[in-house]
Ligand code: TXA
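Just one chain is shown here, as structure tokens, and it is the form predicted alone.
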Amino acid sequence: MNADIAAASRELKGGGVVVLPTETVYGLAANALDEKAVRKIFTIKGRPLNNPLILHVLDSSWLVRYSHGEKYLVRVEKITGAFWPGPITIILPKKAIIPDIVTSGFDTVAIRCPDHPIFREVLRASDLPLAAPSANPFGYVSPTCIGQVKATLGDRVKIMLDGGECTVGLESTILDITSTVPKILRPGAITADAISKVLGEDVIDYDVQIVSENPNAPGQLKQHYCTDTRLLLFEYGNRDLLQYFAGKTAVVFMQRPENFDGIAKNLQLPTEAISWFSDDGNLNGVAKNLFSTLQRLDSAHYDTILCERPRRTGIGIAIDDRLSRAAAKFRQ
């Protein structure tokens, strides 16, 4: 066994907390069956106790250990068969073995099977379900590389495993399959259309207006994924931006502007103040680079970051959700 995997497994079995990579974002993991260990996650992050965590498992065979999914077996088998391991979380009734601190007192639990070899090896070695929110201070931009974790958590966690850059870059889709009609509670890379095709039934798509101060799933707070720098949003394709400027401003587009020099001149900005999430505007590329770009600009000492919103289609719904919540605290 790899020494790093073994060390992480020992730490988790001993009630500790470790940082692990997933395909979505880096996670701050603890043994989900150990209430004291899970409480450390909330303390390290400064996360409120009324915000539930996701339970990470090795495969669908673990579901019977931690949830009552018999009533929803057909839906469970279709979703896990099509998308696990991968960036989708399902909501199921929980078994009593799961401490209430994991679910914030709800009688349901969010469960995911991650698709990153390091996380999966730790799950296999420890034989434990792992509670693991994003590895950053609560409410801040989620980390998609180990450098971002170290920059925000410092030495608060002893063991941090580096798995490179996250390939998806956005937190998982959360799907409530216990409702009469399956419902998306948080958007992600796996869309309502893709889920509907697999299930063979309608799926209630995500409503960007969902805001809860007592959420039954992660990602529903009004303010989340926030930069420290003032963040303002403008509509896709709008180039009349000077009205938004305040102090030293950076502008970030969905894709590289075709007339880059002309836009820089028109906005009266140095070229280094203009960024883009993707060279070609592909929304999967935007998602992968979203958080890393925002964190880079946040550390560059601008007064304002002016960010273009995506086309609201496919994964663009999830991107827009993250940006809307990130900018919420700066709205007048």
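Since we're looking at a predicted model, the values are computed, not measured. Numbering starts at 1 and follows the sequence shown.
Another form exists, predicted in complex with the ligand; not displayed. Remarks below refer to it.
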- Query: According to a 4.5 angstroms non-hydrogen atom cut-off, is residue 134 in contact with the ligand in the predicted bound form?
  - Reply: yes
- Task: Answer with yes or no whether residue 25 is in contact with the ligand in the predicted bound form, where contact means some heavy atom within 4.5 Å.
- Result: yes
- Message: residue 185 versus the ligand, in the predicted bound form: is there a non-hydrogen atom within 4.5 Å?
- Response: yes
- Message: Taking any heavy atom pair closer than or equal to 4.5 Å as contact, tell me whether residue 110 reaches the ligand in the predicted bound form.
- Response: yes
- Partner-facing stretch of 187 to 195, 70 to 78, 254 to 262, 83 to 91, counted where any non-hydrogen atom is within 4.5 angstroms of the ligand in the predicted bound form: 83 to 91
- Task: Using heavy atoms only and a 4.5 Å cut-off, determine which of 231, 203, 174, 123 is in contact with the ligand in the predicted bound form.
- Result: 174
- Message: If you apply a 4.5 angstroms heavy atom cut-off, which residues in 27 to 57 are near the ligand in the predicted bound form?
- Response: 27, 47, 51, 52, 53, 54, 56
